[in-house]
Every structure is written in structure tokens, then in C-alpha cells.
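What follows is a single chain, given as C-alpha cells, in the form predicted alone.
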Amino acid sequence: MITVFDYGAGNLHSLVKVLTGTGRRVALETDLRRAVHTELLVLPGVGAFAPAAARMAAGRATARDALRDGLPCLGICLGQQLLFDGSDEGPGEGLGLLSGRVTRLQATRVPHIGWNSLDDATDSRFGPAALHTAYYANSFVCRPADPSVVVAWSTHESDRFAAAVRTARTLGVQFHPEKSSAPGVQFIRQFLDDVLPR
């Protein structure tokens, strides 16, 4: 069972389609307290930080505890940002699973939309034989207090930022794997196979 937390802010069709294509059951849930009763929690990459944080508020502590206790989680774009303490994009608290803040990209061309490379990867899901470029659509990026949680980097103009972060069984990615062609879909499937063995 995979549960996608629905912030109520965007089209989840492409992500749900990819997740459903793995042969696993996928459910949408608008209450974060109920969403954690699953085998895998997905925080999707649609919407803005403040309204999403507000939708998470009632279940923030429950979700943070569940992730710390080992519930697998995949955070995509905004979903990765919500793993952190807070964001300059707007008020509200993230899950605080990872220390750090989300800040605006330091670039003249914002938002950052399109394909970009993944560099200095330390996770087997990245690299020449796997996902080495990905599709982005973002204006804000995560700045982890502990750089050791970063498992891949990207650079937009001169701003180098965390493309992917990992802690325990939680993986956050700033890019959109569901929109990153076949390698992105394979990236999601490999993550699911790793955390939800059949």
C-alpha cells in the first residue's frame, strides 16, 4: 500500500499513474494523521510551502515520529522541502525531519524549469547506468544544515543545491522523477523495490 498525501494543490495524475504502474495499490489521503498508516508515504511535488505546511500542521508530529521510526517516505520537489524546518517561500513549519531551511534559488533565471544533471551522487540510483539527468520545476531549494544527508547535487547557474537527500528510509528529491522519462520511472520503481520488497 502506497499513500500519497494530497495537499489539495495540484494535479497528481502523472505521479499516481507511475506509482500504480508498479502493481502496488495507491491511495490519496488528505489527513496526514491517517496517511501514515501505510507501507510507504509519498509527499508529492505540487503546490507552495505555506498552504502545504498548513495542511500538514495537525499531523506534523505524528508523521515526523512515524518517519523517525522507520516508515519509508519519498518526498518530491515540494515534498522534499517539507522534510525540512521551514521555508523562505512562506510561513509554516515543515516536518523538521532534516535540519535546514528552504531558500530561493540564487539565480537570475527563476523558476528553474527543464532538464539538469545530477552530480557527485553517492546513491546507487544515480549515475551513468541509472538516473543522471532529471526534470526540474522549482524556484526554491533545500539548504541542509548537515551536507552529509545530500546524496546528489545539481547546479542552476552558479547555485549548487541538494538534488536529493536521504535519512534512514526517507528519500527526498528536488526534481520530478515522474516527469524524467524512463530513467525517472525506473528510479521510482527501484526505490519502491528497496523499501517495499515483494
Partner chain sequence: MLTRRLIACLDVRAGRVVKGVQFVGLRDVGDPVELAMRYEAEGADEIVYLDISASAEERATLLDLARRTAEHLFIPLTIGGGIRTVDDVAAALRAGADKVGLNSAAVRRPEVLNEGADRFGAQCIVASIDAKWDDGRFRVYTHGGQTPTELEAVAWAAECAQRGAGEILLTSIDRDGARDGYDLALTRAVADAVPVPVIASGGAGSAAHVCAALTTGKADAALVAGILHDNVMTVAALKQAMRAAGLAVREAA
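All values derive from a computational prediction rather than experimental measurement. Numbering follows the first chain given and starts at 1.
The discussion below concerns the form predicted in complex with the partner chain, not included here.
Contact check in the predicted bound form: G114, A137 and K179 versus the partner chain, with a cutoff of 4.5 Å between any heavy atoms. Do all three pass?
Yes: G114, A137 and K179 each sit within 4.5 Å of the partner chain in the predicted bound form.
Proximity of S14 to the partner chain in the predicted bound form, heavy atoms at 4.5 Å
Taking the distances in the predicted bound form, the answer for S14 is yes, it comes within 4.5 Å of the partner chain.
Indicate whether H37 is a 4.5 Å heavy atom neighbour of the partner chain in the predicted bound form.
No, H37 is distant from the partner.
Taking the shortest heavy atom distance, is T167 within 4.5 Å of the partner chain in the predicted bound form?
Because no heavy atom of T167 falls inside 4.5 Å of the partner chain in the predicted bound form, the answer is no.
Evaluate H132 for contact with the partner chain in the predicted bound form, applying a 4.5 angstroms cut-off between non-hydrogen atoms, and reply yes or no.
Judged by the heavy-atom cut-off of 4.5 Å, H132 is in contact with the partner chain in the predicted bound form.
Can you pick the stretch from 60 to 68, 45 to 53, 167 to 175, 144 to 152 whose heavy atoms fall within 4.5 Å of the partner chain in the predicted bound form?
Heavy atoms within 4.5 Å of the partner chain in the predicted bound form occur in 45 to 53.
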